[in-house]
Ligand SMILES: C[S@@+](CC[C@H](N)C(=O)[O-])C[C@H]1O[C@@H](n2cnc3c(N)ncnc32)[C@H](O)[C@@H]1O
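Have a look below at one chain only, the form predicted on its own, in structure tokens format.
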């Protein structure tokens, strides 16, 4: 198995967006043409391509009788015990599974994150997604993007540079029948003003991984049409102290956390990047119920990343993870 075989699994995703582009503005279609070499390059760079392609090829042929896009993304249908074991083995070969949960033919994929909890905090604050064009930046395996599609969105595009996570979404697509997103290996720096056609843009868990968070917010604004809605979810620090925490080498064992802002700082950033009506709608401490190690993500997780003597601190001594949800609109006129 090679990169060529892996690329073949992503070909239907590209074809779906190719079809969707017929209804997009000419500038967005031009953007899509320019993305083809970037997608090719992302798949060529994937060092795990042979393993991922082999896992996808090992997925058994099964027919779904019912698909449910609830808190658990569930595919139901008849499956013999031996075939179910083959399915479980193929899915485990795509690990680590971070976003979920999923259940495919009675194989329960218990992911690191109980993502249904975050969706429950986010969804009540959104403009109805019915009929809207939606972009999910940093979509991972697409769990949230499937929830967006199930909410009636006319188009859901999920982008993420992590091909391994996207391959999990491709595996689900193997069996899923019904509204579904398109998942593509692109990073947010691929976004530019030619793509200003989305009604709703999501960025959840991305901002603090960017050295320049304002550049990321600018990318999100570029993808939105004027008046479009942004849903931003990010790590923050509690108000009352510094405007921004710069954690240094690691934060909660993560190397690539550059800045953890206070909510007031995020609101100022949003205003500086052309957003209006920005507001904080949820503030929740991450718990070890929501994020933990499982058989599907056996590495260390939040319980190992906190100070064993004081769960209010990370093991590096920083404040424990606190996540905030912001909603804003792109202002009218040029950025």
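Numbering follows the first chain given and starts at 1. A quick note: this is a predicted structure, and the numbers were derived from the prediction, not measured.
The same protein also has a form predicted together with this ligand, omitted here; what follows describes it.
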Requested in this report: Decide yes or no: are 73, 169 and 180 jointly within 4.5 Å of this ligand in the predicted complex, with each residue judged by its heavy atoms?
Outcome: no
Query raised in the report: Just one stretch in 257 to 265, 207 to 215, 74 to 82, 123 to 131 has heavy atoms within 4.5 Å of this ligand in the predicted complex, so which one is it?
Result: 207 to 215
Query raised in the report: Might residue 188 be said to contact this ligand in the predicted complex, defining contact as any heavy atom within 4.5 Å?
Result: yes
Query raised in the report: With a 4.5 Å heavy atom cut-off, would you call residue 137 a contact of this ligand in the predicted complex?
Result: yes
Query raised in the report: Taking heavy atoms only, is residue 193 within 4.5 angstroms of this ligand in the predicted complex?
Result: no
Query raised in the report: Using 4.5 Å between non-hydrogen atoms, is residue 118 touching this ligand in the predicted complex?
Result: yes
**Report entry** Residue (of 93, 151, 154, 162) lying close to this ligand in the predicted complex, criterion heavy atoms within 4.5 Å
**Finding:** 162
